[in-house]
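Here you get one chain, nothing else, as structure tokens; it is the form predicted on its own.
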């Protein structure tokens, strides 16, 4: 069982327009509204591929009700902690002309100390009662939570025998690595912000020195690199560049990493799957969607470079 945690869950609203022109009026050709937030996207991808997963985190208000209703409609198992504030909405405007996305993210509710204490207890109970092997901690934090929120959850999961994957940035990532998560997955911008380095092996080594075990750095169309605890480096390239919606590509990558950890797969296999899932996700109009047949096609296109050592 994989537990996917979303502390700042959202109702993701997507508008497709012919072309996005700032300062003008647009006719929306297609629209969607569905449960989102990075952890929910992770759960959605795993669910789509038939991998056991439970979505959890914080939801509240009428928007929270819509988030839960959508998960129910899609058959995604969930157990969220109710909070007093209203969950956030995000708006993603997709240009049909270019495939580019313009995203507006609300901040989310303010979480009280008692609500956070209840959430820690609930998530710990879920890890234990479902014998979760991997816990994914993804996305931004709502207001009121300390930067150490993911670090606390890493400790909760580890105390109950689960592995942890953290997908975060900034001070939240810096605090999380100090708790020694099993995998962290920054993108290039997050790596630079956390370490000051744009060099993947050097930046990953810095994160490992701060406490992370294995570090996966996603690089968009260039694929991803893992720097392992023993210093070995593996890079996987996705093949041809794909036009589409990259919004959920990183979440699909995290889902594949969780699945690989749960199965005990070697990093060559896990990172190959992660890049294939990520590439397949770009071709879907909505984050959290994945076509198993497209994963097979993307898998056949990847190339693997392995055996180099990290540079310090």
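Superpose the two forms; the largest set of C-alphas matching within 1.5 Å is the rigid core. Numbering follows the first chain given and starts at 1. Values in this document were obtained by computation on a predicted structure and should not be read as measured data.
Omitted from view is the form predicted in complex with another copy of the chain, to which the following refers.
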For this session: Choose from 96-104, 176-184, 153-161, 112-120 the stretch whose residues reach within 4.5 Å of another copy of the chain in the model of the complex, heavy atoms counted.
Result: 96-104
For this session: Indicate whether another copy of the chain has at least one heavy atom within 4.5 Å of a heavy atom of residue 25 in the model of the complex.
Result: yes
For this session: Find out whether any non-hydrogen atom of residue 295 is located within 4.5 angstroms of another copy of the chain in the model of the complex, and reply yes or no.
Result: no
For this session: Give a yes/no on whether residue 302 approaches another copy of the chain to within 4.5 Å in the model of the complex, heavy atoms considered.
Result: no
Exercise. Any of the heavy atoms of residue 188 lying within 4.5 Å of another copy of the chain in the model of the complex?
Worked result: no
Exercise. Which pick from 259, 49, 282, 66 sits with a heavy atom within 4.5 Å of another copy of the chain in the model of the complex?
Worked result: 66
For this session: Counting only non-hydrogen atoms and a 4.5 Å cut-off, give the residues of 76-96 close to another copy of the chain in the model of the complex.
Result: 89, 91, 93
Exercise. Would you say residue 268 moves between this form and the one not shown, meaning its CA shifts by 2 Å or more once the core is fitted?
Worked result: no
For this session: Align on the rigid core first; then say whether the Cα of residue 187 has moved by at least 2 Å between this form and the one not shown.
Result: no
For this session: Taking the rigid core as the superposition reference, indicate whether the CA of residue 100 shifts 2 angstroms or more between this form and the one not shown.
Result: yes
